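First, one chain by itself in structure tokens, the form predicted alone.
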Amino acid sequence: MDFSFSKEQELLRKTVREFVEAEVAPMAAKWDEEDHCPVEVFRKMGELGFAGVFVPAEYGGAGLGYTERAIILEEVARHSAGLAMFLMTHQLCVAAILEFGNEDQKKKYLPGLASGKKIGALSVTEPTGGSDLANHQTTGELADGWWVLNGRKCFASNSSNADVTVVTAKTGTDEKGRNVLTAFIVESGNPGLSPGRKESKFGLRVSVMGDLVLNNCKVPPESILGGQGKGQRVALGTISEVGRAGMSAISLGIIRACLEDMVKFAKERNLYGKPISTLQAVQFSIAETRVDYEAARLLTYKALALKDAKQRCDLDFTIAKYFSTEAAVRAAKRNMDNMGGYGVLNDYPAGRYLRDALATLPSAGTSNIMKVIVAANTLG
């Protein structure tokens, strides 16, 4: 297996890095402090093809793959994991429509989403539990030729700024009495759709997260995504691959940020008449973080290679997501340890890295859920 990037992929990384260093890095701390979502920067990313990187050119995208998507997310997360989360969530909506939509839906929605002129979201989680899809409370009933949606979604990223949202609703039960879900594409102008309260997060603050309320929200039958009763397939298929791939890439960016800052601080900080980089404890900490980054990188990009080759990859992304997010927390903790008192000062990004790393843990499935999935596969 070839683990090197192509020349085109390296050029993409260089392009993204230059954009992020110019447009994101100078503002990242301010956005985090003010909990500001920079939609204007998202529009610029759309113009550069980042928003629809894996969308075919015929639908207005860059026509690249999910590996290129991860390269973009990692580079953005290196300076603002929250902004990367905003972009990642938008791409969940894009991927759901691309992979499960019919031709009319793709032509209607993908050009605007791929260009960044429209913001997308995927809202599945409910107060009854994000991983407990069988206990869905949001309902969809067919009346007078319209599907009427009622319910509330929580922890919905891009909840208040999305133009297009893919939502799931219970539309019946099967022969065993289990809920049957259907996915719907809902546009922001729908009078029955409204954002609820916005959550105040301690991490990934640049990304908006909150409730989404469906109150007699009427949508036409052509808004059904993936077929009636196929909502669980749409939700799990998108989250297990595209969502976990995104969280893995964002975690890579956080780990790399910590590693680069650890090296810089260790070389510049002097104690006992010499840089702390000469201390074995500091060297070990840096080495452990480098190993975590390399391991997370291999797990993530191996899974992405399978995804781009259209091979089964859901377990691979589960493993990558579990390891990468936990490794990001370890890296952020080591970074703060090495900085001592400086690590708790908001003049430095160490605290933001730790908050962002911790906030990646529940996204697209908690670490415990990841372990349950891996264990079930292994025992089976």
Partner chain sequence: MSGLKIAVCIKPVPSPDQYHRVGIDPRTKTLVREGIPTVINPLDKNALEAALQIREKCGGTVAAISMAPPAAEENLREALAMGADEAYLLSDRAFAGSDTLATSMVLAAAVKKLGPVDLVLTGNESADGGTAQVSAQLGEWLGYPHLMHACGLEVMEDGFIRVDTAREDCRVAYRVKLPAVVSVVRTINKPRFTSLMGVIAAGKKPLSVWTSGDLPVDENFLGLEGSPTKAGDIYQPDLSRRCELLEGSAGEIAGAVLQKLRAAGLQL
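Numbering follows the first chain given and starts at 1. None of these values were measured; they are calculated from a predicted model.
Keep in mind that the form predicted in complex with the partner chain is missing from the display, and what follows is about it.
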- Which of 310 to 318, 349 to 357, 327 to 335, 44 to 52 sits within 4.5 Å of the partner chain in the predicted complex, heavy atom basis: 44 to 52
- Message: If we define contact as a non-hydrogen atom of the residue within 4.5 angstroms of the partner, is Leu361 a contact of the partner chain in the predicted complex?
- Response: no
- Message: Residue-level contact is defined here as any heavy atom of the residue lying within 4.5 Å of the partner chain in the predicted complex; does Glu8 satisfy this criterion?
- Response: yes
- Message: Although the partner isn't part of this model, could you tell me whether Ile72 comes within 4.5 Å of the partner chain in the predicted complex, counting any heavy atom of the residue?
- Response: yes
- Taking the shortest heavy atom distance, is Met370 within 4.5 Å of the partner chain in the predicted complex? no
- Query: What residues in 60 to 87 sit within 4.5 Å of the partner chain in the predicted complex, counting heavy atoms only?
  - Reply: Ala62, Leu64, Ile72
